[in-house]
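The data below hold one chain only, encoded as structure tokens and taken in the form predicted on its own.
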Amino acid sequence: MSQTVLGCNNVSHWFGTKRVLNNVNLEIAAGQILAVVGPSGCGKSTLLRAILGTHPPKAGEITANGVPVTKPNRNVGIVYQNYSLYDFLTARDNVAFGLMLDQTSLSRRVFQYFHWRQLREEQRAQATELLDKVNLGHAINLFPHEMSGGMRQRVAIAQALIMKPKILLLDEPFGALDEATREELQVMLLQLYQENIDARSVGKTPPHTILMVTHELNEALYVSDRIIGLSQYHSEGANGATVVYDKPAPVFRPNDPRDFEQFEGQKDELRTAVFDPEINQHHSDYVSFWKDHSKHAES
């Protein structure tokens, strides 16, 4: 099995008497791209904030790259639905900004100016390379107000990727975009997944491990290789939501046609297991990813 990048062990959270998460267990290996879906109010954002480290869980443990997550750290990056860009910086300098804060201090930039200037050019070169990767090489000198929403979101993703987090969280990253732009960015995620495949083929660790929260089932099944259902609709739902669905998703390549009919059956299964409040199944009834994964590896 690949290196475990993220682990959630019996993670629970509550607000006063309201139980939100109940014994969430999750193991994510390097190179996996997961989509998390679930009903409104099931705690998807709460789980994401716990993994990020801004709101640690009340019980249980989260580890990223083997290190307990108790606060924000370099192992975990995030891209929100609303683009976290600086209006006064170009696309390239927005992407390079994190490296500047990580690799230098204000005093170093002032008192070691010539060294800082050289380092800044190296950081900007890395930023340019990433902007090329997300198809924004032509826009490196544009400011946020000069870019479309889709362009700004590409910059935000490059801004996160340049820090090389062990896992990247995407919180409804395409929710505010029009359908055509959303589809373009979905293909961009498939291109990152293709990079993982290419890395594995030569014996390297896949560079991109991604956990994306989305409310679109088509999107979840299209861009991921594994789909997680978080829901309060299970036999112990009074104690909070947990993982009630964990199965492989169809794998698409960047140039594959969008044949959503391939997973109509899995969509129906998700609606039943995750979104139907009348279903009262045990939370593990639809949790079989690692079992399915092992069977596939042996075949």
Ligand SMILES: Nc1ncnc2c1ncn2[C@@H]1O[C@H](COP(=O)(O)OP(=O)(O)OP(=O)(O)O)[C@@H](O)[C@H]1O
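What you see is a predicted model; the values in this text were computed from it and never measured. All residue numbers are counted from 1 along the displayed sequence.
Below: the form predicted together with this ligand, not depicted.
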task = Mind telling me which stretch in 254 to 262, 61 to 69, 22 to 30, 36 to 44 gets its heavy atoms within 4.5 Å of this ligand in the predicted bound form?
result = 36 to 44
query = So in the predicted bound form, does Glu184 come within 4.5 Å of this ligand, heavy atom to heavy atom?
reply = no
query = Hey, in the predicted bound form, does Glu195 get a heavy atom within 4.5 angstroms of this ligand?
reply = no
inquiry  = When the contact criterion is heavy atoms within 4.5 Å, does Glu216 count as touching this ligand in the predicted bound form?
reply    = no
In the predicted bound form, Lys18 touching this ligand (heavy atom, 4.5 Å) = yes
query = Mind listing which residues of 171 to 190 have a heavy atom within 4.5 Å of this ligand in the predicted bound form?
reply = Glu172
